[in-house]
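In structure tokens, one chain follows: the form predicted alone.
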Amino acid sequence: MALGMIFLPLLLAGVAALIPSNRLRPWVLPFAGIIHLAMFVCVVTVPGLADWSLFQGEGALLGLDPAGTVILGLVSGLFALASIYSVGYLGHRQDRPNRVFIAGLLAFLGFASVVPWSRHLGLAWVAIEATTLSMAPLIYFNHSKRSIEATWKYLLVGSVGIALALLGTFFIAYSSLSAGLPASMDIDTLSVNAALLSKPWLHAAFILALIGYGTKMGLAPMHTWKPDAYGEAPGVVGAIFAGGVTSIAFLAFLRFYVIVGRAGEASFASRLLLPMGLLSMAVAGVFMIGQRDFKRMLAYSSVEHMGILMIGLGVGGPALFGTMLHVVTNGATKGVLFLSAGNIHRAYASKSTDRVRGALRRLPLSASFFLAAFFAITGSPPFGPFVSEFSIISAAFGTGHYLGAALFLLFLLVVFVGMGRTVLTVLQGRVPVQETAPADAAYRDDFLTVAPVAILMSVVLLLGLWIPAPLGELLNNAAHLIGGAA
């Protein structure tokens, strides 16, 4: 099943590239997304399918643990809904060839599926580097000067980060060799032998992984590529970035966190992660104040929530359940925000609050979901992010991290005020008809571009009111796996 989830999207990427019709080609996306999601459902419901499936036993390359299952489910579900949205979106963008766009999205799904399945740090690194290359052309879809600048910035900054992550991967293998053990990048072997690893090399590996994969996640101060890339890419690409790319990068870093914790160095990790997480929240809050580009605003929101994940890991213990839940709730909410923002952007042909006003009148459905998702992503009840953030804050207070918890609440307030000002400016008031581009004046919400947003918003609300027992058990298992590191 692992090989099917990895190679089917890659095969269909090749098929899509060969289809001559610009109008028919987008339908390959939901076909791939729905089959991929069905495969995931089979993996979690049929016993044995998540076991090591290639080179069984010690040194297995592929296998799915609870943390990987959470991330794989998020990526698969988000992609399935985004692929349906893409059909509607590309139907409005017949002015652009979509061959590279569709092939890139499908390639991303295949490479992203490798990371949760991988039991080898080197293989996970290769897959993440492949997602970097597959996503880069999608940023340039609009073929503007700013989009090409954003693409190069993403490639250059991301390449530096991923190179540092590779160096960290080599260092953790050398920490085993330095301790007199065989050099290994196998996750399970390193976890079993964690207490024997050379501490200086292990510390260096962790720091490099934090900087490297933190760059891919968009943690401050390594976030400089994110506002440009998210701002210039189509909304559906922003949703995949914010809910998919960042999540697999977080999972790759999580592997290092677990090994360091099992080596008895959880306090060392905490001293790095808490300040890094708080810094990301602070930077995001500052840049949201007075932000006029509502898609760049969403990029800074992503910077904030990557910081929240780092705070959850830094607190450890009782915060780990909330941390894994927050991966899911943030990913789903970001899907709502970016997809609805894409609809608003299309209707107004602008991302600036100077031109975008009265969206509730112009696009009542998309604007309503955008407003609801704003309250959700800022931690308001009764939505999923409120539950996950409350779990992390409660754990921070309960474990004596009083200053960190207080700053967490302060930065949440700053983000709420800064983000709220931009969101309300977009949604309220009258539509500036004289500013609307004639080519886009007829754009309205339609089923394909609204239904996926509605489903994602329902998930966000559901997770705030009730966590299904299978998901709760999976999150508990993932927290327990990580908790061995705390």
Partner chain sequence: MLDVLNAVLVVVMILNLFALGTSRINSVIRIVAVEGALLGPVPLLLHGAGDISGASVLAAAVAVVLKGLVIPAIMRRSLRAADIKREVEPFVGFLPSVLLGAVGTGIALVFSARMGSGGGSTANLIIPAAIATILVGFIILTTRWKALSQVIGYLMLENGIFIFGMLLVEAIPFVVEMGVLLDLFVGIFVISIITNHINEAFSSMDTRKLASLKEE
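In this text, all values refer to a predicted model and were calculated from it rather than measured experimentally. Residue numbers count along the first chain shown, from 1.
This protein has a second form, the form predicted together with its partner chain, left out of what is shown; the following refers to that one.
> Would its partner chain be touched by all three of 99, 374 and 380 in the predicted bound form, meaning a heavy atom each within 4.5 Å?
Replying inline: The answer is no: none of the three residues contacts the partner (heavy atom, 4.5 Å cut-off).
>> Only one of these stretches, 400-408, 276-284, 363-371, 137-145, has heavy atoms within 4.5 Å of its partner chain in the predicted bound form; which one is it?
In response: Correct option: 137-145.
> So which of 414, 155, 207, 192 reaches within 4.5 angstroms of its partner chain in the predicted bound form, heavy atom to heavy atom?
Replying inline: Going through each option in turn, the one that passes is 155.
>> Looking at 391, 291, 270, 76 here, can you tell me which has any non-hydrogen atom within 4.5 angstroms of its partner chain in the predicted bound form?
In response: By the 4.5 Å heavy-atom cutoff, the listed residue in contact is 291.
>> So in the predicted bound form, is its partner chain close enough to residue 228 to count as touching (4.5 Å, heavy atoms)?
In response: Yes, residue 228 sits close enough to its partner chain in the predicted bound form that at least one of its heavy atoms falls within 4.5 Å.
> If you check in the predicted bound form, is residue 318 within 4.5 Å of its partner chain, heavy atoms only?
Replying inline: Because no heavy atom of residue 318 falls inside 4.5 Å of its partner chain in the predicted bound form, the answer is no.
>> Check residue 61 for me: does it contact its partner chain in the predicted bound form (non-hydrogen atoms, 4.5 angstroms)?
In response: Contact with its partner chain, yes.
> Quick one: is residue 120 in contact with its partner chain in the predicted bound form, heavy atoms, 4.5 Å cut-off?
Replying inline: Output for residue 120 is yes: heavy atoms within 4.5 Å of its partner chain.
> For the stretch 196-225, which residues lie within 4.5 Å of its partner chain in the predicted bound form by non-hydrogen atom distance?
Replying inline: Stretch hits, in order: 200, 201.
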